[in-house]
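In structure tokens, the next block holds one chain alone, the form predicted alone.
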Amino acid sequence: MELYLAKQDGQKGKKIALDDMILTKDMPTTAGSKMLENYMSLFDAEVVERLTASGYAIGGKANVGEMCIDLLGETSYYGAVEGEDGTLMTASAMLVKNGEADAAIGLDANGTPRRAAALNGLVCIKPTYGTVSRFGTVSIACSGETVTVTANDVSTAKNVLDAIVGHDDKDGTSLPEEKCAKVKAAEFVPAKRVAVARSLTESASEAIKQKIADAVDAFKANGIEVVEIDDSLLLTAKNAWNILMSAELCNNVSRYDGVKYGYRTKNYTTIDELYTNSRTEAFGELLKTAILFGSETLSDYNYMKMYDKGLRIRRVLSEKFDEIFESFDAVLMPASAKSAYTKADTEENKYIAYDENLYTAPATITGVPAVIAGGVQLLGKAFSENVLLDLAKKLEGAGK
């Protein structure tokens, strides 16, 4: 069980663990895949440069599931990470929980950092899409993936987030500095009304329902009005994002062909065999499935029926959130169906990560910010991180 795939010792300052999706020029970046074993980048990711400029020390590269699309890192070429009780954990969550890192920087394409934080009583911030540069990350699904921060407490997570937020000319999706500055606002903003996503909560286990109930009680005790809402439209986010993510992933991983860098098969005589055998031998089963699904989605026959419809659903969901946030400051929902997962769960259902997207896809596909605290998830309108963090402070310490 490897937590750090590469480690830097002897550094001074608060230590940051980087998920192995973040490029570093002095440590390998593998994305949890045999395809990128021992790959060395020629430059650091923008978030790495901003962290070191702010006085943070990079502790090392944390093990991740292959291309970070699985449930909790179980598909990593370097092996899954399990707690003492046999439950699955991500390496970065364990490093933060054990105090080996003050915070962790991850890439959220399929909800993994948020899911891991909720299951381990940690705080995780998925900021508004476009406020943190993705330059120097291993691209998976560019229209929704977001750099995240995981920490043991709200204050630490907020401080690390402030260090990495900001416009970056090298990232074509980066928002203007004046919009990014809204996320950096020093003062937390109190919330007055919180909506509870009824259907999503009812679909979760009793243990998760209890965490939602505890959060509701905490908010009410602080004078916040809490109202259940009809969230049935949000249930469509899962299938829509699974379609869009697989299609974008299919394109992004096409660069791994065994020619310029990465794993190269020894078993080939033609260029077609080089491509096919390199990918067949180096990619894991879940990733291969996602690639095939994405390819089929982008075919002439399915493009309008699936991919274009996924884009339309994204727009409808964004409009739904705009409507919700006219009346509420945040939406409270689960981050996962259960409070713990084991290898047996992933073996029984190989595509469980795509099912668990039910809870994480609404924020991913629309780009709205999400904060995990007390084992639950809070979503808000764009640039409302400080509202969500104020709510998170009221849940701090719960869910551990």
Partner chain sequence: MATKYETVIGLEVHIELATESKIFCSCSAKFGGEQNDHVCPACCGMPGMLPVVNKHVVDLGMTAGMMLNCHINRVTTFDKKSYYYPDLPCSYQTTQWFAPVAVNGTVRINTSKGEKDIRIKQIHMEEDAGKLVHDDWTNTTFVDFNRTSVPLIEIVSQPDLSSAEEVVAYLERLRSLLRFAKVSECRMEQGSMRCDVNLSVRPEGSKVLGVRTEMKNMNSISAIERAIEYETARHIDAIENGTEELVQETRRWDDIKGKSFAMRNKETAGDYRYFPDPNVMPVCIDDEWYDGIKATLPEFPEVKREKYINELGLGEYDADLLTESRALCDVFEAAYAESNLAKESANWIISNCMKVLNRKQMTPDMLNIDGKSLGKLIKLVADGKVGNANARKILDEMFENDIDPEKYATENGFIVSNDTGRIQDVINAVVAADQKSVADFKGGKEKALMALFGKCMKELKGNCDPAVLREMLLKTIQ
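Not measured: the values here are computed from a predicted model. Positions refer to the first chain, counted from 1.
The same protein also has a form predicted together with its partner chain, omitted here; what follows describes it.
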{"property": "Its partner chain: the contacting residue among 256, 219, 77, 325 in the predicted bound form [heavy atom, 4.5 Å]", "result": "256"}
{"property": "Contact residue in the predicted bound form, chosen from 275, 321, 263, 188 - any heavy atom within 4.5 Å of its partner chain", "result": "275"}
{"property": "Among 204-212, 290-298, 228-236, 117-125, the region lying within 4.5 Å of its partner chain in the predicted bound form by heavy atom distance", "result": "290-298"}
{"property": "Proximity of residue 172 to its partner chain in the predicted bound form, heavy atoms at 4.5 Å", "result": "yes"}
{"property": "Residue 344 within 4.5 Å of its partner chain in the predicted bound form, heavy atoms", "result": "no"}
{"property": "Its partner chain contact at residue 39 in the predicted bound form, heavy atom, 4.5 Å", "result": "yes"}
{"property": "Its partner chain contact in the predicted bound form: residue 250, any heavy atom under 4.5 Å", "result": "yes"}
{"property": "Every residue of 7, 15 and 87 near its partner chain in the predicted bound form, heavy atom within 4.5 Å", "result": "no"}
{"property": "Its partner chain in the predicted bound form - contacting residues of 308-326, heavy atom within 4.5 Å", "result": "311"}
